[in-house]
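We've got the same protein chain twice here, in two forms, each standing alone as structure tokens: structure 1 and structure 2.
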Structure 1
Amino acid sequence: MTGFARRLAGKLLAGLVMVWVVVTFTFFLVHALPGKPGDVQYEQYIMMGMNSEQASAKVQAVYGFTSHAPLLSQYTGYLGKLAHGDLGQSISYSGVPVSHLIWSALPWTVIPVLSGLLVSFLIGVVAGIFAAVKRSSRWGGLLTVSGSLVAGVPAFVLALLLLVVFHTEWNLLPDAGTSDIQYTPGWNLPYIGSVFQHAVLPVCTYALLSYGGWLLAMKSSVVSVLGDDFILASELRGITPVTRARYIGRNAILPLFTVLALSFGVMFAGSFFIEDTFDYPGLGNLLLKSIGTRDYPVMAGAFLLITVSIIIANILADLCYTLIDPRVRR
């Protein structure tokens, strides 16, 4: 499989080049933003009733962390550090390494996105099969339309609706944060339970968002497989319905796996809608906050990570395809 290794290396290299392009792009874009870090905060502090000295002391601390070197040398410096895995230091959290912030935020994006995707994948695929098999009936049509509708509804609308129903109206689930503060973090039941409870709404939103897509993709996939001759052939050979369902399922689900990898990237990039609504401290939230405070290094870091995850997802999708489908495997 040396050919495989070489191709993989090639893909990774291409990904690396893309990372560089994106890094460069974001670096200059981010530095083209008007305003200075800290400016934003000052007026807010004042309105919150802080006196102007306290406010300016806080702002001062932020100013201390902006670099005043020429842009180009900042850029080369940034690249050099990046090569060593150093994303620089946050401005609004004066001096805290960006990587530290990102690592604390990352699991709160990855885990809900992943579990949301998996949940929706399972449900969507089943519903898709149903919609395909019953496509000429009223229920199938309804399912399909509802799938497209859910797929089309904006993320925040879903998030809001869930929040209104499950928090405001019924108060079944918490609306913000990752866990209740009372519980000591670690592998203890109450804490984990609380984490689960807090994750329900974000995960459900992710799941609902992608559910429609899966349903539609699976439906069309199943429909096309149903039309494939080998399915009719297996029927004419008297293969049991169960086995036939297995044939259909496997063939239909195959193209979805590459989509699965890709949608991980998409979800990642769109996570801020959901994280913001549920005040969930993930990467999207971090990005939003950093934009608000003009925290260039964090901004660039979070953006970079999102991009890298998309690139990796793409490579994974290719890889998935090669590994899963015997037709391209050699």
Structure 2
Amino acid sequence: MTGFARRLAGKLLAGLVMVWVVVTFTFFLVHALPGKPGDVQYEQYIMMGMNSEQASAKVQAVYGFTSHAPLLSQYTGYLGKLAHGDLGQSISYSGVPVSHLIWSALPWTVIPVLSGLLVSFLIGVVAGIFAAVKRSSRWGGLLTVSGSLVAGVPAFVLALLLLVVFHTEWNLLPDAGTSDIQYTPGWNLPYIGSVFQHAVLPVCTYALLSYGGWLLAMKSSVVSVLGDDFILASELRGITPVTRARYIGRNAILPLFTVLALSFGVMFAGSFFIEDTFDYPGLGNLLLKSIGTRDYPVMAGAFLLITVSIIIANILADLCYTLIDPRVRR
């Protein structure tokens, strides 16, 4: 087995252990909640006219365990259903599998998050390099101030500000939903154009939210590299400005790749306010609604998916860093 395969196997094993820890914590957290949701749901089914067997079967379908079974039996049964990809059934949407709700909401979170993150990364890196090289000029100072201001604005304030300016005041972009209702969903231009139009404000919010961080991080990294001995030595050798810029950019951007990979996972957890503001039916919106309706199976499924996405992003960041920087393989 090669060194890369061994590292990958080790990371995957550690990721599985972390997922098991989170699943176990979520299971016992649900049991520690006041009133024990499984018991409450069982009593509600009894009051609806079901007999004890029917109520237990319904609770089993919703939560993945029966409320009157021993705790260890409930736990092993829950893990067994998870191993087969069964997350239970939603309470709010009676009879609908949790996995169906999550997979339906996932694209409306993944696409805006990825788009916003990549746009902000590209703009922030370029602006950061310019701000570092021209840090003594007026433009360099303005870029640094813009990054500091945007980085300090909370997500919901930024989303509301864009909504007021581009919808309420100028009426240029829609305020909610994923498309206009007059278009038939599918691979047709009017529908795709409407989806793109509705995604502009959420994507811009994600991009502005992380733009300041990329700019300030890249500026700090470039300033640090500019003072390295190999840059001074290469200047004394008379290298061209293009080659010098390539040396600086390659070394300064390395730490940011790790942060970029981690940001993919973290942005999932930060999508609540943005999706709620624009009524975008993504994973964050689904999780907020499930909290409001105490839909515990959906909450557990959403938390599990967010955890898995962060773990996968962490593993990818670790592996990619060893590929792009040979020094860490030693």
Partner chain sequence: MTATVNLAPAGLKPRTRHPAWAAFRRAVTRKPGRLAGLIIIVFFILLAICGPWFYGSLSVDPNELYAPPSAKHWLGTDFAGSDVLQEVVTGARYVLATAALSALFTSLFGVTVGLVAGYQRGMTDSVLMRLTDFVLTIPGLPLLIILSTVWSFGSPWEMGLVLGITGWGGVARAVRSQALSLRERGFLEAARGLGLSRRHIIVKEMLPNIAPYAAMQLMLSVIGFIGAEVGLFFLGLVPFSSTNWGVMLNQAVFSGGAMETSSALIYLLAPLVCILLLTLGIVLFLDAIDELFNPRLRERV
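Structure 1's sequence is the ruler for residue numbers, which start at 1. The model shown is predicted, which means the values in this text are computed figures rather than measured ones. Between two forms, the rigid core is defined as the largest C-alpha subset superposing within 1.5 Å.
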Only one of these is the form predicted together with its partner chain, so let me know which. 1
Tell me, please, whether between the two structures the C-alpha of residue 137 is shifted by 2 Å or more, with the rigid core used for superposition. yes
